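In the form predicted alone, a lone chain appears below as structure tokens.
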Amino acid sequence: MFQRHPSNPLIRPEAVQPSDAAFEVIGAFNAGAILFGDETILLVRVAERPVAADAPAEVVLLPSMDSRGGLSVRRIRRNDPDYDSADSRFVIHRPTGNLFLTSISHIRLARSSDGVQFQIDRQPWLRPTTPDESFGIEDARVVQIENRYYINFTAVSPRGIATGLASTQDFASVERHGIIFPPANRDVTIFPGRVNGQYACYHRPMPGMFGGYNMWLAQSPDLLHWGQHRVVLTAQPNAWESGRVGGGAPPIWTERGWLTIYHAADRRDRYCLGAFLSPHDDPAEIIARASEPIFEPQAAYETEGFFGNVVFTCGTVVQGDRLRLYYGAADETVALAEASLTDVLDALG
């Protein structure tokens, strides 16, 4: 159904200016997407890591936001027995189990008149500013509700992985509304409008001892206080969804119901995209669902990269019957795939 755009990847790390001279951009990916006037706006997750001429290969640099709101860098040696640095994305302190990221993320705006060629802002639009965000802010989703645009994002810190909310009317100034889901919770996708008089979202708690990584529905009177939680979709054993399922792009209103494009990973962390349809008045119910992935990593820029075998969406744009899927490829770049919205709905049965 989906055809990759011939210009892929649309945004590469080398096209993004670092926010600090002591850092380099290693990823520009997982972008929220919205139409704003005549423009397509992407809210791109930009991952940066520190660079230092005096840091030898056996040293790992760990960035974070300090108590003054600036960037600080911690150094550890790869052969230190107290630290596990086998994964390029993070380091684990073995005695405590504490995790430290090797990069720090913020949200950068990119703008386009044709949805393909993007001009990327030179500075962050949303950057870490609170202790709950000291390891970075990631994976923004954006929806328009009435005359305002609401952006939720993942806030990462030693306190855990939480979900924050911000809003804007013009994509110039931005108002922060704080944490709306405490740790450990991420992959929130807010519906672009009320459902039965309430705001609604899908979210993905990350339980510890019991339970799997499943999608839940929550409702709210004000976008800040959420309740009435119900499980919507669970990970499936021995399948492409065996590791986890979670929100992708915000749900899309169609005449047949709410179309949701979500992500799923198997136990080897291969990320694909799936889709399901829910009634307009009950998004906790699934009335049709694709049994196989609707999009999976196949192109070289999806199978190889910072973290290969990953396609992950945070945003779509619908123009008539054309569905534009903006997705992160290999946790490194922004890419685009397009399909007929009718074809996607028909494939769900």
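Since we're looking at a predicted model, the values are computed, not measured. Residue numbers here begin at 1 and follow the sequence given.
Keep in mind that the form predicted together with a further copy of the same chain is not shown, yet the notes after this line are about it.
Proximity to a further copy of the same chain in the model of the complex holds for none of P18, R49 and F171, with the criterion being a heavy atom within 4.5 Å. Out of the listed residues V245, L273, I151, V156, V156 is the one that sits within 4.5 Å of a further copy of the same chain in the model of the complex by at least one heavy atom. Among T102, T254, Q219, S85, the residue placing a heavy atom within 4.5 Å of a further copy of the same chain in the model of the complex is Q219.
Although the partner is absent here, N196 is not a contact residue: none of its heavy atoms lies within 4.5 angstroms of a further copy of the same chain in the model of the complex. Contact between R111 and a further copy of the same chain in the model of the complex is not found at the 4.5 Å heavy atom cutoff. For the chain shown alone, H203 is a contact residue for a further copy of the same chain in the model of the complex, at least one non-hydrogen atom being within 4.5 angstroms. a further copy of the same chain is not drawn, but in the model of the complex it has a heavy atom within 4.5 Å of F90. Proximity to a further copy of the same chain in the model of the complex, taken as heavy atoms within 4.5 Å, picks out 181 to 189 from the listed stretches 181 to 189, 143 to 151, 122 to 130, 275 to 283. If you take 223 to 256 and check each residue for a heavy atom within 4.5 Å of a further copy of the same chain in the model of the complex, you get L224, H225, W226, G227, Q228, H229, V231, in sequence order.
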